[in-house]
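As a starting point, one isolated chain is supplied in structure tokens, in the form predicted alone.
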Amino acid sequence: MSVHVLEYTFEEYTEIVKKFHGAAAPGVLIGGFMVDAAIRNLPDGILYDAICETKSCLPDAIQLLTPCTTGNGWLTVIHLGLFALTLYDKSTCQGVRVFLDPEKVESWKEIKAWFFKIKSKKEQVLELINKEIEAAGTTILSAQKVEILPEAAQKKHKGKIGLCPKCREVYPLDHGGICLLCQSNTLYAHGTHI
């Protein structure tokens, strides 16, 4: 019997991850099972948004398997450093939070070594980790029903925009008298038009 992540076999999903993420990263593979678990615990036919509690790997799984992306504003990444995601009904703020459960990972040697950073990246064998991920599936996850706070679910709008008097680019006026890039001057050493 083959393992599935939504409608994809694990092998198909692994190939999709490689093309999008650049490698079959364990965090994106586990994230696929997390998205699958969340969707299976939501009512059918609802419009949902997503919250991701880490900036590493997991947002890619959400963007690959749902219509929620950072670009369309349906995915909010709040870097809490927790390997967790929530999918929630846009109209009711009721949802499902899924996380990689440290207690359930205990019996999976390679996943545990990856998750707890027991082995350095150099010492890890990706094929072994990913075989365990396929075998473990959703058994290493826990889920809880949650209600998103209304202020966390509110969409942030750009507001009024204007032309930065310094660099002459368009920016949100609520950032101040000049754009954030000109205010900080910390991103680029120098730049010239080409």
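Just so we're clear, the structure is a prediction, and the values are computed from it rather than from any experiment. Note that residue numbering begins at 1 and tracks the sequence as displayed.
Only in words, not in the display: the form predicted in complex with another copy of the chain, which the text now covers.
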Candidate spot F20, I78 and A152, all three touching another copy of the chain in the predicted bound form (heavy atom, 4.5 Å) | yes
Contact flag, V146 vs another copy of the chain in the predicted bound form, heavy atom cut 4.5 Å = yes
Is F115 close enough to touch another copy of the chain in the predicted bound form, meaning at least one heavy atom pair within 4.5 Å?
-> yes
Counting only non-hydrogen atoms and a 4.5 angstroms cut-off, does F10 reach another copy of the chain in the predicted bound form?
-> no
Is W108 one of the residues lying within 4.5 Å of another copy of the chain in the predicted bound form, judged by heavy atom distances?
-> no
Here the chain is shown alone; which of I46, I39, V125, L163 has a heavy atom within 4.5 Å of another copy of the chain in the predicted bound form?
-> L163
Does anything in 171 to 191 come within 4.5 Å of another copy of the chain in the predicted bound form by heavy atoms, and if so which residues, in order?
-> Y171, P172, H175, C179, L180, L181, N185, T186, L187, Y188, A189, H190, G191
